[in-house]
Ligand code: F6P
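The data below hold one chain only, encoded as structure tokens and taken in the form predicted alone.
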């Protein structure tokens, strides 16, 4: 997100547009926690403030974020709108996931004095109408690096590791990292398998992998956070099942929030910059209640000067986000088809 914030400030400053940051997301909007993100140079030109320039290569966000329950109340949102108007804010760029976009869509309807554009940022990659979101590539690189290290240990000690990655409702990180790390299996919430089915499949993968004719010294299974059976329980139950039948240790590792941190990858920095350019251009063009998207195949978007970036109305983005979650989206169906194919290939 910091890379996107810097890009927004640079593009806006080049056009003589001041940028004001809202700290702590919608919480800060309701409390009028505004800070200047651009400064006026001696030449009279605008430029990003030093903190924005210094932190662009770091993870997280210098503005902070929050889950704001107060924002669900219309009276509180009216206060937020009033705060923006009084601060002279004419356009709002909201960077975040589905909750952020839902809030932006509501503000666009209730605060006509301010135009609203969204930039997708979520490591779960579950935002509608965009093929990718800020943070996904960095998260995957972190998972891959961790799994490579775990695999070194697993091969040395002939162990099976069940590694849990983030993804409450989406198995995107799990399946993408499973392919990239040559994992032996992946467990996804979209599959909806029962606990017994999960235990049976993990047991089979480990038995087959450590059979005498396979010559394997490690097993790596990637589990998405949204699979309700814990990694620790899977490891415990399958270990008990294999006692005396296979000379192998089974361990569980939860990567958790380590996946959310760290400096952004090249791809995330590049994508953040191009989405930020599209967002500022959208505001300058008077576009409202929309989100800029990356490399999407979803029909219905408005083209921009960047062939990889399109604009979609936020209502459409949110509808597609719901469809992604409930499985009715064509994108989810294609992903599930690929996941089923991957499951058969990984165990080879």
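Treat the numbers as computed from the prediction; the structure is a model and nothing was measured. Residue numbers count along the first chain shown, from 1.
One more form of this protein exists, namely the form predicted together with this ligand; it is left out here, but the text below deals with it.
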Of these, 122-130, 83-91, 229-237, 152-160, which stretch puts a heavy atom within 4.5 angstroms of this ligand in the predicted bound form? 122-130
For a quick test of understanding: in the predicted bound form, does each of 184, 218 and 346 have a heavy atom within 4.5 Å of this ligand? no
Scan 260, 267, 214, 204 and let me know which has any heavy atom within 4.5 Å of this ligand in the predicted bound form. 260
Could you work out which of 103, 167, 135, 278 is the residue within 4.5 angstroms of this ligand in the predicted bound form, going by heavy atoms? 167
Taking heavy atoms and a 4.5 Å cut-off, does residue 67 contact this ligand in the predicted bound form? yes
Within 4.5 Å, heavy atoms only: does residue 190 come near this ligand in the predicted bound form? no
Residues of 222-236 having any heavy atom within 4.5 Å of this ligand in the predicted bound form, listed in sequence order: 225
